[in-house]
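In the form predicted alone, a lone chain appears below as structure tokens.
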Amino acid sequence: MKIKRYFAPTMREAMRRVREEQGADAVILGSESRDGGIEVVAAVDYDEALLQQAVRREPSRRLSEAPLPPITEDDARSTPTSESRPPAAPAAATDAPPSRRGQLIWAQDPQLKRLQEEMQGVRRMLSETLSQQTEAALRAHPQRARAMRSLEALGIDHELARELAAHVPDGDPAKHRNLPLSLLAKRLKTANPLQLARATRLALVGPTGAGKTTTLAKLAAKAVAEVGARNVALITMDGHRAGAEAQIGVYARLLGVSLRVVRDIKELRAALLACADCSHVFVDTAGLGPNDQRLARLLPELARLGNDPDIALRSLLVLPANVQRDDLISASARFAPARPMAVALTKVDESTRLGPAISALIGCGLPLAWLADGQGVPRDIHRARAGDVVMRAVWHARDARQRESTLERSQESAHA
């Protein structure tokens, strides 16, 4: 084992020297501030037993009790000067297994914490600067500012509205009046009709209360109208919610289709194989909470069933339109392990503004397949088209403004 000390004005420079002289396999044994600079102790051919002997012979040296992970090129590029680190690792790091102690010490090093804080500050400063420059540019172009205001009136996220408004050219205002809406429609992905037609085995996933069962019934009713009840089957995994089986059982009887109840992935696979003669099979999954471990186990299993050529199960993510954008983005990330092919947006009729849902769909990158706007089966579900969705957002915003104006007038009359 070769141990060497390095002194440099900054941690970045010290780690660069370590890497140049000892290579990427070097291990940082300790660091401390000295006389306006940083002293780093590094080693190659690291041997913990030899290090412990060296520590016992030289107890005055303030070396760490465990090594840090091997430095990488990213580390060498991103470590600036900071405050000194404490002489000993915290007790939590000492008690950790040998393979983890270095990582804990690395994470708890005050110098690296300071680095993280400084980098976060730089990011915030750059983001604020860019935002201010963009806002100033928009103010210098009245048409772009007007476009941004019109998009935000739909409920479109501020950053997305600003990005779209930046593409509005100068010129005749009447000529470019609808351009922001056209740009928005181009950014909204919709599902390919051929892809939807091939998805004949479909599992509906989504947060609890999103309307999965009603959406399933609507899609099943459309399939019955196309291929007949004999060729359509329903499967439910929702045995956790009170009354869930009874609800889907009513739909199955009304549609005249078969219904199977399964409890786990193994039973689901067997049920799908048993429905091989059916051209369309719809699976209703349980609406589990975000912290439920059953959800974490279920979603990857659904994705694996999609890779099985004998089953070819696809997932459709069901999201409600009447919640905030951040909640929709969080839900899409939570159900990503199921690898949904598209989104069905429900409760459109209960949403005052569709802008947050459109912003979330553009943000997560999933195509929109269906819009559901009522409880009618199968009347209240429609194939999603980007232009139609944007126009519905305009109508919703207009209705919301009218309701707000009516409420303001009624309040003024009450106070008069």
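These numbers come from a predicted model, not from an experiment. The first residue of the shown sequence is 1; numbering continues from there.
Below: the form predicted in complex with a small molecule, not depicted.
query = Considering the small molecule in the predicted bound form, which of 287, 155, 306, 337 comes within 4.5 Å of it through any heavy atom?
reply = Flagged contact: 287.
ask   = Which pick from 372, 360, 40, 369 sits with a heavy atom within 4.5 Å of the small molecule in the predicted bound form?
value = Of the candidates 372, 360, 40, 369, 372 is the one lying within 4.5 Å of the small molecule in the predicted bound form.
query = Check 149, 355 and 402: does every one of them have a heavy atom within 4.5 Å of the small molecule in the predicted bound form?
reply = Zero of three within 4.5 Å in the predicted bound form.
request  = Decide whether residue 209 counts as a contact residue for the small molecule in the predicted bound form under a heavy atom distance cut-off of 4.5 Å.
outcome  = Judged by the heavy-atom cut-off of 4.5 Å, residue 209 is in contact with the small molecule in the predicted bound form.
inquiry  = My question is simply whether residue 143 lines the interface with the small molecule in the predicted bound form - judged by any non-hydrogen atom within 4.5 Å.
reply    = Heavy-atom contact with the small molecule at 4.5 Å: absent for residue 143.
message = Whether residue 332 contacts the small molecule in the predicted bound form should be assessed with a 4.5 Å heavy atom distance threshold; does it?
response = Judged by the heavy-atom cut-off of 4.5 Å, residue 332 is well away from the small molecule in the predicted bound form.
query = Going by a heavy atom distance of 4.5 Å, is residue 214 a contact of the small molecule in the predicted bound form?
reply = Yes, residue 214 sits close enough to the small molecule in the predicted bound form that at least one of its heavy atoms falls within 4.5 Å.
request  = Please determine, with the chain shown alone, which of 159 to 167, 113 to 121, 269 to 277, 340 to 348 has non-hydrogen atoms within 4.5 Å of the small molecule in the predicted bound form.
outcome  = Among the candidates, contact is made by 340 to 348.
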